[in-house]
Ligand SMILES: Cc1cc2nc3c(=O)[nH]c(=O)nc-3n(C[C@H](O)[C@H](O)[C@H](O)COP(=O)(O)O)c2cc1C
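The chain that follows stands alone, in the form predicted on its own, written as structure tokens.
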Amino acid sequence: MTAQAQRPINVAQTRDAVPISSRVHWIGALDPTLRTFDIILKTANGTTYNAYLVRGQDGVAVIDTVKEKFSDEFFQRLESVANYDDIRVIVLNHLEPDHTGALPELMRRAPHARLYISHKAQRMLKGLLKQESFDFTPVTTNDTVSLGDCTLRFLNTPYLHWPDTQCTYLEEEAILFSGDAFGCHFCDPRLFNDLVGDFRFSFEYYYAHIMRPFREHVLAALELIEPLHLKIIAPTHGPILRDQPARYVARFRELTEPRLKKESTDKTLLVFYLSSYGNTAKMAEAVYAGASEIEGVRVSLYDLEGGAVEPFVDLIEDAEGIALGTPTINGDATKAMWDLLSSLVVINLQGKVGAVFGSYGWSGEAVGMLEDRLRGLKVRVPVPGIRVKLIPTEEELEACRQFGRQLAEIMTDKQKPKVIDFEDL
């Protein structure tokens, strides 16, 4: 890093482009007053919409744009370092509106430009912009575009965090334009990670909500990214990572790899329950006891009355199975159980085994409700749930123990899951 590059800057005081290397400028925008993004994400100090300009011997490339309301700021910075007639290439690494808002006007102003997007972005482009007139070239991993003395190489990295997402690598400068990957909602006009304030919380929060549900895709993307020589990572949100960029790649690896799988080969079954009069608790203990009899399954029992549900999300992400026990109260499952399930949208549940049981006094709808919700979350529900009228008998508790054994045997492939007839539901 040069002494010039380390000089403090404040991009809030200028509409000029900011150099980040000999060929690349930042031409994005600041949004310091934003507090909620995409309805679900909070940010304490706003965000940035990062866009970049690459100048080569044979023309200019623009990589990503900004949210539409920040177009003026984007175009002023672009015009400070390039003419529209020089633009030959426009790359969209991600088509979410906060990165495509200025695209229609940019395409109008840059008549010689060609648009490059991923294959999966083609239909999204038409759906988002409602225009058929854009000419574009779909690209995938190792496709390249030359600007004469520099080369843009594409990496197909779907679901980081939409299906269309890709990364673009500037080979001669070792700069990775990473889209939303390695980004965060953190607005600081000093722009570079070695100059801004402490953004570690924002980085981890952003990963947890944006990348974590697509862990398998993150691992696939890391296989493409880790071999690259990286001087700078230039994401679409948050600080530009020029100081130790490999550290952020390594952190993604740490956050993404399952932890329990490193410590044990046993399958993990988590039994959660709530109980009004102790009846569902007895059922939970029986399910726990039955499952514990099966070799190769590590079983844990948790009473949700004992605390908040958020800490359990990490456990469920690494588990192979969950069993939920709830009474029926006023024709519904308990609030804590719904809270637990709603908190699971940030992780991938596909392929896990799920099951539901519970005691009831009047109608007993809760078991079916939770089973439907588990299926909606793509959890397999191979064993019909157990409902018990009020106090479970010894025979009913033995049925719960057998219920636990069945779950554990299915998880360890000792028993094939039953094919459920819809007439039984």
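Start at 1 with the first residue shown and count on from there. None of the values given here were measured: they were computed from a predicted structure.
Omitted here: the form predicted together with the named molecule. The next part is about that form.
Of Glu320, Glu96, Glu73, Glu285, the one that lies within 4.5 Å of the named molecule in the model of the complex (heavy atoms): Only one option qualifies, and that one is Glu96.
Answer option from Arg88, His161, Arg242, Arg212, heavy atom within 4.5 Å of the named molecule in the model of the complex: By the 4.5 Å criterion, the partner-contacting residue is His161.
Candidate stretches 392 to 400, 362 to 370, 64 to 72, 33 to 41, one within 4.5 Å of the named molecule in the model of the complex by heavy atom: Comparing against the named molecule in the model of the complex, the contact stretch is 33 to 41.
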